[in-house]
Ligand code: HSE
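Okay, here we've got a single chain as C-alpha cells, the form predicted alone, with questions on binding and movement later.
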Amino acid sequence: MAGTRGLARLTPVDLLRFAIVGFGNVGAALARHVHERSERVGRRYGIDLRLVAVADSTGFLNDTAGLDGNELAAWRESGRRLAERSGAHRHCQLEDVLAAGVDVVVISLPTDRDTGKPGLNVARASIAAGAHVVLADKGPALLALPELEREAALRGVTVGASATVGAALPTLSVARRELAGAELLEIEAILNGTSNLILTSMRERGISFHEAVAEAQRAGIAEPDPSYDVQGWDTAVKLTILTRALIDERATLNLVGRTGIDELEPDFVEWAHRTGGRIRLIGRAVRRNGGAVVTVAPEVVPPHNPFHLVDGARKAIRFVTDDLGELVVTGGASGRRDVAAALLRDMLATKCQSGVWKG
C-alpha cells in the first residue's frame, strides 16, 4: 500500500489553470518560474500547473491546452509585446481571459497608489467570476485588501497578497496563522531590500549614498529611478497594507509619517558606524487609541536588536502581541525571482487544505 501511495503522488491529479494579467518583467518571471518548477509541484503536491492565458496592454494569448511560459518569458525579455506573436488577440477584455477556464488570475499590472486601477477592477471582476486572485500589483492590496478578501470569501475563493508585503519574506500568513487569538500591538519591519542593500554597502565599504545607489543599479537591484525605494514609499505602501489587514482597516498611505534614506546626513551615518549601530529603514505600526500610528524612517539599530544582522537585500519583520510575545522572521532577498516564488506560493495556497500541505 505504501508503494501505491508513493506512485500516486508522482502523477498530477489536480489541474490548476492560471492567467497572468500584466505581462511585464514580473509576469514574465512568474511564467518562467512556474515552467521550471512545474515538475516539482506535480510530484510533491499532485498539482498540474497550466498557464492558459497571458495579457498585456497590447493584447492577449490563450490556450486551454497550455502556453509555454518559458518561451513567452523569452519573448517578453527580448522587448517584444504579445500583440506581435502569431495567434495573439488584440483589444483584450477580461472576459476573454476568464473564458479560458481560469482557476487563478495573477494580477501583475503597474501599481497605482491613488486608485488601485486597473488592477482593482480586474481583481473584483475575477472574484465575481469565481476565480482566485493572486496579487503582484500593490494597488488593489493597498486600497482594498480586506474588502477583496470579504468578497472572495462570499464566492468561495481566496486573495493571495504575499508578493505585495515582503514577497519571499512571509508576513501576512505568519501573523494570521501563528498569532491567531492574540492582539497584535506593534509591527516593526525592514521591508525594502534595495534600501537595506544601499545602507549595507555604505557601511561596509565607506562609500557615499550616491555610489551605493549606482552600485545597486548596476547589480540590477535598484531601479533606474530609485526614488520609490530610497524615499520610503515602497516600505510605506507595504506597511499600510499590513496595518490595514492586521491592526486597523482605516489606515491610509497619506497618514504615514515618511522619511527616506536619501535624507541621511553623512555625519549621522559615520556616527552610527562608530558607535556599533547599523542604520535600517524601519517601518513601524503601533496600535494606539483604537487605531494605528504608522511611520517609516531610518533608525540606528544597536547590536542586541535582531535587525542588527539583517544585511544586504534581506528583509525582516517583528510582531509584538499581548499573549504570544514577540515573533521575528528574517530572510527574503529582493529580486524578480523571489517575487515569482511568492506568487507561486500564493497560487498553490488556493489548493491548500486548512492551511497545511499534505504532500
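Given the structure is predicted, the values throughout are model-derived calculations rather than measurements. All residue numbers refer to positions in the sequence shown, first residue = 1.
Not pictured, yet referred to below: the form predicted together with L-homoserine.
Answer option from L148, A212, A168, I221, heavy atom within 4.5 Å of L-homoserine in the predicted complex: Contact with L-homoserine in the predicted complex is made by I221 alone.
Position in contact with L-homoserine when the complex is considered in the predicted complex, options G119, G160, G232, G193, heavy atoms within 4.5 Å: Selected residue: G193.
Close approach of K238 to L-homoserine in the predicted complex, 4.5 Å, heavy atom: K238: yes, in contact with L-homoserine in the predicted complex.
Non-hydrogen atom contact R244 with L-homoserine in the predicted complex at 4.5 angstroms: No - in the predicted complex, heavy atoms of R244 and L-homoserine never come within 4.5 Å of each other.
Distance check, K138 to L-homoserine in the predicted complex, heavy atom within 4.5 Å: K138: yes, in contact with L-homoserine in the predicted complex.
Option from 221-229, 262-270, 246-254, 201-209 whose residues, in the predicted complex, bring a heavy atom within 4.5 Å of L-homoserine: Flagged stretch: 221-229.
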